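First, one chain by itself in structure tokens, the form predicted on its own.
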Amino acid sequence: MTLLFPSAFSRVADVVKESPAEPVLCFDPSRVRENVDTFLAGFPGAVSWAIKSNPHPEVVRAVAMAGINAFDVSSRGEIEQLRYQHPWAKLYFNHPIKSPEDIAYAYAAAGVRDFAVDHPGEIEKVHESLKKAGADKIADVTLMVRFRDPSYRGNVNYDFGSKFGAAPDLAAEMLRDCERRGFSLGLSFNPGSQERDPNVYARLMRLARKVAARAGEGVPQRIAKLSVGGGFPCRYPNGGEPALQRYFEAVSDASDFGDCLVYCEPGRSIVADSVSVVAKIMLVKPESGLLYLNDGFYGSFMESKFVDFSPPVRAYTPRGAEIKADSEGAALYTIMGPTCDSIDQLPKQVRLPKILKTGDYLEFGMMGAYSNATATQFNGFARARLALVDSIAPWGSASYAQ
């Protein structure tokens, strides 16, 4: 997770001029500031950030400096990183399935007081782990009962309900159990990454009220927190995602929870457009339309197999001059990664100038989420390292993505 260069560059083309032999993540912190400002000004509640979307220390630092002081964490590793970088931060341990050791560590060593659960067995596990960790004020701990709508499959990218979430009746029983044990009560849901329907949030918030009502005996009045999860989309070129303001309005219209704290956990929408991946062309096979890069599925592009998006692309010479289609025009290329595995390729073809050759570079935009976060070193190829840039050029007619 190191910086490739010690100082910032003005633009991505200046990074290309350095002729990097390995792929580079060009990070523009100003994009993070703009996106955080949008959430802090528009979301009708509190805002946390899901560190899993991009845990690079420079990115985390930019998010915190932009004004976010609460984070969604899913592991001891993420907790330790945030306690090191930002010891003042509020942490929500929102992974529904946790080890007893991680629960005890989060409570006793890291000061975590919010834990997600989606099964009665997890309530028991959390309770026993906290007792062993010396917890003496259970009422200071909020158990966020994660529920799902059995009739909603989720979006085409990620169906989070297939892995986590209690059905409404079970969630109501769990609330009663949490109350009997003396915990503070919360509810949570997550519609799934890159959710394209703003109305899903209002629908699930209405279901949250029904779950609380089913729990009965005044439980609706004792729900202290409601997390509407993440899923807020990044607006990829030609993706058709609605504006974030429509999501904020949907949440606002359904926010009839009294003194309950409503908060969100965006990940992708905060960081996606803050990073461009710069990769070097290793070989072009014009007769077969294959183009080989030094980055691919096992590196920065793992998510490309699972999310329906086409990152915008620009091409450069080794001297940083942008390459545009000349009189010979453009062609569709299949992008291959550097490993010896045949699945190491981008799922969609990319339209690029025909004049590209070995040693040129490609810049893939909107790659700030789940790129370095999921990268491996399969086949011995190094993960991309990060370079700071003052500005990533806007994407428009220079994009060749299909």
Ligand SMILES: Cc1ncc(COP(=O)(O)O)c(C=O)c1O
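Treat the numbers as computed from the prediction; the structure is a model and nothing was measured. Residue numbers here begin at 1 and follow the sequence given.
Beyond the structure shown, there is the form predicted together with the ligand, which is absent from this document and is the topic of what follows.
Comment: the ligand is not present in this chain, but in the predicted bound form one of 311, 165, 267, 220 has a heavy atom within 4.5 Å of it, namely 267. In the predicted bound form, at least one heavy atom of residue 72 sits within 4.5 Å of a heavy atom of the ligand.
Remark: residue 183 does not count among the residues lining the ligand in the predicted bound form, judged by a heavy atom distance of 4.5 Å or less. Remark: residue 50 counts among the residues lining the ligand in the predicted bound form, judged by a heavy atom distance of 4.5 Å or less. Interface membership of residue 231, defined by any non-hydrogen atom within 4.5 Å of the ligand in the predicted bound form, is confirmed. Stretch 258-266 is the contacting one of 258-266, 166-174, 281-289, 235-243, since its residues have non-hydrogen atoms within 4.5 Å of the ligand in the predicted bound form. Taking the partner from elsewhere, no residue among 56, 298 and 345 has a non-hydrogen atom within 4.5 angstroms of the ligand in the predicted bound form. Contacts of stretch 128-150 with the ligand in the predicted bound form, defined by any heavy atom lying within 4.5 Å, are made by 146 alone.
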